[in-house]
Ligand code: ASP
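Below you will find one chain, with nothing else, as structure tokens; this is the form predicted on its own, and questions on how it binds or moves follow later.
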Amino acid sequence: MKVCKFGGSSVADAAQINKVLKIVLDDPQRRIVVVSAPGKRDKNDVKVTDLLISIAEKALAGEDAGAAIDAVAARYGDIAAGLGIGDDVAAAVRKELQSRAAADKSSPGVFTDALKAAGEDLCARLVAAAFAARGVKARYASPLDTGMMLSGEPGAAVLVPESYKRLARSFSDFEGIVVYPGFFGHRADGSIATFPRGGSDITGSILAAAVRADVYENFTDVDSVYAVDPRVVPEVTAEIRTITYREMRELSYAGFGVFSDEAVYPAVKARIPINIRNTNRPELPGTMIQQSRRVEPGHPIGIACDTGFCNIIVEKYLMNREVGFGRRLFQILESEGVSYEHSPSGIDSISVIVRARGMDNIKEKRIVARIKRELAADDVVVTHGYAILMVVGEGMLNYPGILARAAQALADAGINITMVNQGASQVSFMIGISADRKDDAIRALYAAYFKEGR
């Protein structure tokens, strides 16, 4: 059995959804279909999820959200008309969104999650209806009814582990095709909770693990995964046919938008291979993510770079002699609700790299003051505009000169290295650079590692 997920570009309009129907029906093994909310139809379009967020923001501010509600309703109405499944869809969508927009707002995050989740939920219902209109035995399945239970912060929820058993029971004996909305589940109190963006990838991976699928197919709008982002290096020709779970997790974390990094774990846990494929060219094999691959010694498989980091640099003389210093530093961050990403250190200094979105000005000043006061630090400096550049590949660390090549390429491009971390991972090394040189750095490393004559 196969679980297949279709992203926003794959369900952007009726023409794309018709492609989805054909892909699923062409293979009887495709039994569980996970869908995102409709994405952009062209580069000037707006994603349905962004419209839903706008509705939530207006409703929370006490403003009229009618225009945004009408825009979403019209979008679903157009899709339904193109699929030939009824004239009342737009009115039903409008009523549903008006109801959600009028709900309790005492918890803005929970309220926003409920509106955001409407995109996937409404799309799943439409796709199930489209299958049925073609005489196919298919049904919509609710995350609440099937046991997709989540916990955690709004917009960043995680799966409750017991959900795997509930989901397995729900799908233990079903007929036909099940269409399932991605991106969200429910808390124990019944309220809606959403995964981070890219959460439909996570949903698909969870379902594949729960039902022990033979493969998890993730359909998007690219032929395969490339060694670097084609938007940054349009001439890239290095397609990745096979990549390991570890490699994909590292690249996705560092900005590969083709697949959510958090979606790798459920598949890894259940040893389910993931196949990235193109909805618009389903005949192509795409990229297979699996446990192992044949390694070419001395060559990375991919390069990625992500921005949005800041660096907390703490200096204290004889820090290395002070037992418990690092633990107490991280306890301060924990108590402030800040998760750290990386932490390279020296004998008298330590850097803690965190996501900037978790550090507003007030929180930053409070953390700096606490570190100085509670740890008696000599100096604390927070630098912004930080990017993490990742060079990824199984077996690289056993081959001399890999890091030297990266350092030379960046030096030749006039890019300053502010941090290097190699050794903690057996599959990658990371380099800290200024965020404004992100694309230049990717191009420099692509030329160093992947162009002919390297």
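Quick caveat: nothing in here was measured; it's all calculated off a predicted structure. Note that residue numbering follows the sequence shown and begins at 1.
Same protein, other form: the form predicted in complex with the named molecule, not shown, and the subject of what follows.
Q: The named molecule isn't shown here, but in the model of the complex, which of 413-421, 389-397, 43-51, 25-33 has heavy atoms within 4.5 Å of it?
A: Every other range fails; the passing one is 43-51.
Q: Identify, from the list 266, 199, 255, 147, the residue with a heavy atom within 4.5 Å of the named molecule in the model of the complex.
A: Partner contact (heavy atom, 4.5 Å) among the options: 199.
Q: Out of 183, 216, 180, 219, which one falls within 4.5 Å of the named molecule in the model of the complex, going by heavy atoms?
A: None of the others qualify; the residue that does is 183.
Q: Pull the contact list for 120-137: residues with a heavy atom within 4.5 Å of the named molecule in the model of the complex, in sequence order.
A: Heavy-atom contacts to the named molecule in the model of the complex: only 120.
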